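First, one chain by itself: the form predicted alone, in structure tokens.
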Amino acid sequence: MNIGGFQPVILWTDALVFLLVLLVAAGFWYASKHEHLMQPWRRVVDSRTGQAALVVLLFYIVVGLLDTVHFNEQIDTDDQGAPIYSTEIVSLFDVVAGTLESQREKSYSAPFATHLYSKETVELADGTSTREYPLLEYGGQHLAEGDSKAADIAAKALTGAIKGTLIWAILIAVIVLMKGKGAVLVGRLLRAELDKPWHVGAWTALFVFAVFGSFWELSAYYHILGTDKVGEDVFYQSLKSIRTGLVIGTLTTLVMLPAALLLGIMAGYFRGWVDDVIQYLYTTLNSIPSVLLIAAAVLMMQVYIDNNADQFNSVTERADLRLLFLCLILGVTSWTGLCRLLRGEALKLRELEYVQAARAFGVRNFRILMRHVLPNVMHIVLITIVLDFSGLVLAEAVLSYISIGVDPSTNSWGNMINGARLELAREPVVWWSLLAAFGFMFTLVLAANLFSDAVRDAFDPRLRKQR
């Protein structure tokens, strides 16, 4: 199948991400039809911190989703007019990024530099040679002799901020038009006169659009976060790594959730030998050093991939399979914590009067579990999922740092940190890859933690009573 010069490619992780998006959309649609399910989410929206964190998370999610739509580009046609496609798999984000990926330098260059970071022997016009810092091929090469780099950076940053602000204004206008309230609503929104703190989300969005607009505008003229050993733009690498972090954080949850839900509820509700078996299972699994288990599983998968390389059409597909397998093994080793929590909650719920009454009337266990137990543990599930997300993002960075994480060809913050660790010992120090990975990862994890706090406050009935 081909669509307008492109041949869609759906990787394993793409399919699961699309499935997850559909499940989330279906869940919100179902919740919108039931007022008691929407009330906790309205309390999340009422939280100023929750709104600000959600805006930042949405920015990461949009970048990650753009990088999840993959395809092969048409490069030519054969004698019969049939399209010929490139074997290289690109994403929608790569198309939006344009030349950001292709503008590679020879080697390291510092942020906003116009010359390489190391001296090289350069032959002069008179035939002699000298050691100097060669000019970059792309970074800052639009500057004419005598131009001020600082003034140029400031001007382009301002231009990008204005463009970002205009996009923000258009989005606000579209939302207001959808509400049908016109300029009055805009004024009340920006003056914080609405019932809910929507102005926090609006101003946070303005900040995100303005800052990212500046970075995006500057990235067309400079390597704003420098380049790595092979001359690839670090800003591009950092943005591409967003997808890997989101995939690890979300698909691992998708893997571990069914086991944690099923076993946790069964152990607490049925007790007896069922409880003993499940407790024995997760106690045994917890006794195995998870890092060693993950390392063994990843290495086995790598051996399989190396021995069956002919089954994959590209390096991207091989790397994607390893990423998927890493999600699976992380899911297998991380379901026990939620299972323990659900077991304890189910033990409490089974003793409540309405559950006892249902059992006395002969209602089947499956129906009791689905009608009375499962809905009453979902707040624990939701809180745990959101809290675990940031931990899984950090776990990927740690695993990649010790070379048992994602494939080295996959863009990830862990691989960036792993590649930068040796450069910290050289002179002069190459620090920008580590700082860029740290900054992007820190922002995502901080936003996820703040949002999880808002979700916990909204969904946990004990915390609501204390407020």
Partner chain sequence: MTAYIVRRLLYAIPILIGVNALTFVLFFVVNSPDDMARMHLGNKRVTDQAIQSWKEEHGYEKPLLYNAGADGAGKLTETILFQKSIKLFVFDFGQSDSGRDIGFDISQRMWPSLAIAVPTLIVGLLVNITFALTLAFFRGSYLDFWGVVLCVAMMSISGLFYIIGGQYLVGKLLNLVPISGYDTGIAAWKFMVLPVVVGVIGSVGAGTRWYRTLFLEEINRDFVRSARAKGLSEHWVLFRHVLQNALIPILTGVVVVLPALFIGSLLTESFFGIPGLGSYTIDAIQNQDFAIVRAMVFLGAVLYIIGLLLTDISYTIADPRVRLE
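Numbering follows the first chain given and starts at 1. Values in this document were obtained by computation on a predicted structure and should not be read as measured data.
One more form of this protein, predicted in complex with its partner chain, exists but is not displayed; see below.
- Residue-level contacts in the model of the complex: of 107, 302, 376, 159, one residue has a heavy atom within 4.5 Å of its partner chain, and it is 302.
- Of the listed positions (11, 450, 17, 458), a single one reaches within 4.5 angstroms of its partner chain by any non-hydrogen atom in the model of the complex, namely 450.
- The stretch from 124-132, 240-248, 276-284, 355-363 that comes within 4.5 Å of its partner chain in the model of the complex, counting heavy atoms only, is 276-284.
- When contacts are defined as a non-hydrogen atom within 4.5 Å, none of 92, 254 and 257 contacts its partner chain in the model of the complex.
- In the model of the complex, residue 120 stays away from its partner chain, with no heavy atom inside 4.5 Å.
- At the 4.5 Å threshold, heavy atoms of residue 292 reach its partner chain in the model of the complex.
- Using a 4.5 angstroms threshold between heavy atoms, residue 297 counts as touching its partner chain in the model of the complex.
- Mapping the unseen interface onto this chain, residue 21 falls outside it, with no heavy atom inside 4.5 Å of its partner chain in the model of the complex.
- Within 4.5 angstroms of its partner chain in the model of the complex, the stretch 304-336 places a non-hydrogen atom from each of 304, 306, 307, taken in sequence order.
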